[in-house]
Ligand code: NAI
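Next up: just one chain, as structure tokens, the form predicted on its own.
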């Protein structure tokens, strides 16, 4: 295992790095490489003399060159590849470039641009990053984790690639999702030296991948049932054994697995599911802002959620919890929800109801087969889309809703853009610009319900407090902090994620202390990582 350690200079407040690597090994390690910015002393100590051009540049000068190179590329995939190649060479330069150009780069490296990269993963593969836990290697998980290049780990983002955005089972291509999530984490202050992306390769049921000669994953149908659960159990046990205080972030698991995994391990390790909890937090934050603008009491809202999967029910759960905090009884609060899947409204007679959907089923006599019928019957004040069904919110549906509600709250949240339930411009047109709109993908002139506004702050707060679990109260603290930060829109702009995340982290860490799950006194500011070049010192291995 390659180890390099960061140390804090107590006088200057800046970090420095100690490593046993020299020469090409330093230039090939993206968290150590400074390129032309290595000082004369570093070039001598690290045996880099003559391996670099003579001139020593500043980080700002390197950023200017990188930005010029980036601008030369035209399509999304080319720009994505350029940015990831830069990350594979010089991580500090990569983060500095992104942090100074968030509006342009974040949609490429994260959503919606990452969906293209996921689909092309095996074709565009250039360099491995992170760790791959493949099912045939399930008895060697400890050995795999020991092969990491990071000495310490604060956060792990893990996926099995089964439910990627709106594009479904992408097998090993799902690795690009943890990579993208960790970029956002580090942009907001999580130390990339202590972050680890993990792909849980349990096969794929995507025939296009199984029949693709270039596919890089385990070419086998997905493991399911008891074998799958045992694999996850062994993985969590191994992580907890090696890094008992790290945050384990679950990403893009299928609905039949996501909730069960979270509920099984939530009190055993500090875990967080972004599809359920992160989506719920950011949607709730936008909803709190919107409800304030309608001046209609929370308890008087009728909520239709179209798409009753992991995200849709996760959102409903967060809203339900907020209603309870308003003093509404559980029985009354449940009656404010109508969850609709493709076959229609979920009722007592619906087939294949999953356990996590059960609390929201309606009475049999309320059954409706399509969304328009539900809207006509319910007269919702809030309509949320998590269906990945493009244009599901038709003009007929929206106008029907607007007939009964002065300020309809409509959130078409499905990603990527091609799967959005409705173009927000049309929503405003059909409601005489009275609709309060937030989307999942980036559109002009409307708030974006982007999980990047929520999960970095939640993670940073959990890490700063070394929380043993992420409690419901911590999630509520995150939602209210985001809503409070929002001023002129339903949500802050994505370019505000850095200061916003620090506000959220402070609220989450304080709540962790209040809930008794913090194991240290949190100092969020001391846990913020920033992209600058640390002095690197050589120390021979003993």
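Residue numbers count along the first chain shown, from 1. Every value quoted in this text rests on a predicted model; they were computed, and no experiment measured them.
Heads up, the form predicted in complex with the ligand isn't pictured, but that's what we're talking about next.
Heavy atoms within 4.5 Å of the ligand in the predicted bound form are found in one stretch of 232 to 240, 187 to 195, 76 to 84, 339 to 347, which is 339 to 347.
Each of 165, 312 and 386 comes within 4.5 Å of the ligand in the predicted bound form, counting any heavy atom. Looking at residue 308, you'd find a heavy atom of it within 4.5 angstroms of the ligand in the predicted bound form.
Contact annotation for residue 159: none of its heavy atoms lies within 4.5 Å of the ligand in the predicted bound form. Shown alone here, residue 414 lies within 4.5 Å of the ligand in the predicted bound form, counting heavy atoms only. Residue 282 belongs to the set of residues with a heavy atom inside 4.5 Å of the ligand in the predicted bound form. The partner is absent here; in the predicted bound form, the one residue of 451, 90, 115, 271 having a heavy atom within 4.5 Å of the ligand is 451.
Listed residues 318, 431, 255, 381 were compared with the ligand in the predicted bound form; 255 is the one with a heavy atom within 4.5 Å.
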